[in-house]
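So this first bit is one chain, no partners, the form predicted on its own, shown in structure tokens.
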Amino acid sequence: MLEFFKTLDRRWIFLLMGLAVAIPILTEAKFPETPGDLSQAVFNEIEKLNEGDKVLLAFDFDPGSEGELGPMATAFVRHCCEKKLKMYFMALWPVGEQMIQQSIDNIVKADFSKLVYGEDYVNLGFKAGNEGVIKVIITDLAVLYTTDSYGKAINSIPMMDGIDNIRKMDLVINVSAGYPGTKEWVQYAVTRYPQDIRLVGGCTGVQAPLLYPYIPEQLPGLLAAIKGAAEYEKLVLDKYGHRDADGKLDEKGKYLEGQRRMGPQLVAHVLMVLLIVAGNIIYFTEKRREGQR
């Protein structure tokens, strides 16, 4: 048996890995999720808000990172809709505006059609300038935002009345794929006005270690990669069920996407661990045999 594994063609391993990813995707396998403390903290921050409270949703990601961040963005928007919060969308990434529009079309308009644009949600769109935008809008929003994403004057939008800066927001939610993103929101917004700005975020897996030092003071909660998205998704589903505000069944399962995407990742990781263990067993068995000769 040992000789068999030693001489095993590596293409069989590639095939196993391919099957480990493909089968859960094709079967839409979902595994039980146990939310961690950081995901629970994110959920709690939104859950404790009251109807009509103002939330800034900053979508700083693009289609390249949608695999990790798309499900958490979907869960964030759905949670805000369920709580009947006022949603202010913006982006510091050029393609972030596309991600915003996708959420508005697929979630707000599709499942929460009673919400009115300009009264319940607004799309402020993309602004160039990276962290420079944050530095400006924490004191004077009107300097940069004179119209919304569709060219409508800001002062003609009812829900923008009295919004001089983002310190008027009850919570800032940032979905980040890198720079500029959550780190910049912490450094240039929360750190400057810790009593006024409350921030939670979701980020890619490689970005998460850079943000952990800000927890829990500047960043009460954080969703890290697809695992964090799946955990938060479960919390939202457990509280609000699989039906939207209009009472329609979520037949497409768009609010289960995070848990679905965890399936192939989990199976592939288990296979990798087994292969590493098998490789070490073969290595140490060989070393012991050599020592006995």
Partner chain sequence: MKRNVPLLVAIIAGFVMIVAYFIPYSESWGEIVLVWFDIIASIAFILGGGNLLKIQLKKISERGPGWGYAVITAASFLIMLTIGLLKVGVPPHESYMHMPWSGSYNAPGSPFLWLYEYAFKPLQATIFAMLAFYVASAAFRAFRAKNVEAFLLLGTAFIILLGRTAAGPYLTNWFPDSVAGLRAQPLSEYLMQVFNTAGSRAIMIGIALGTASVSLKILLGIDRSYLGSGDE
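Residue numbers count along the first chain shown, from 1. For clarity, a rigid core is taken as the largest C-alpha set superposing within 1.5 Å between two forms. Treat the numbers as computed from the prediction; the structure is a model and nothing was measured.
If you look for the form predicted together with its partner chain, you will not find it shown, but the lines that follow are about it.
S.K.: Exactly one residue in Leu235, Ala41, Leu266, Leu49 has a non-hydrogen atom within 4.5 Å of its partner chain in the predicted complex; which is it?
M.R.: Partner contact (heavy atom, 4.5 Å) among the options: Leu266.
S.K.: When its partner chain is placed as it is in the predicted complex, are Pro63, Val95 and Tyr214 each within 4.5 Å of it, taking any non-hydrogen atom of the residue?
M.R.: Result yes, every residue of the spot touches its partner chain.
S.K.: Taking heavy atoms only, is Thr139 within 4.5 angstroms of its partner chain in the predicted complex?
M.R.: Yes, contact at 4.5 Å.
S.K.: Please determine whether Lys54 contacts its partner chain in the predicted complex, using a 4.5 Å cut-off between heavy atoms.
M.R.: Outside the cut-off, so no.
S.K.: Is Gly118 a contact residue for its partner chain in the predicted complex, using a 4.5 Å heavy atom cut-off?
M.R.: Contact with its partner chain, no.
S.K.: Is there a heavy atom of Phe112 no more than 4.5 Å from a heavy atom of its partner chain in the predicted complex?
M.R.: Looking in the predicted complex, residue contacts with its partner chain do not include Phe112, since no heavy atom lies within 4.5 Å.
S.K.: Of 128-154, which residues get within 4.5 Å of its partner chain in the predicted complex if you count heavy atoms?
M.R.: Sequence-ordered list: Ala128, Gly129, Gly132, Val133, Lys135, Val136, Thr139, Asp140, Val143, Leu144, Ser149, Tyr150.
S.K.: How about Ile13 - superposed on the rigid core, does its CA move between this form and the one not shown by 2 Å or more?
M.R.: For Ile13, whose C-alpha is compared between this form and the one not shown after core superposition, the shift is 2 Å or more.
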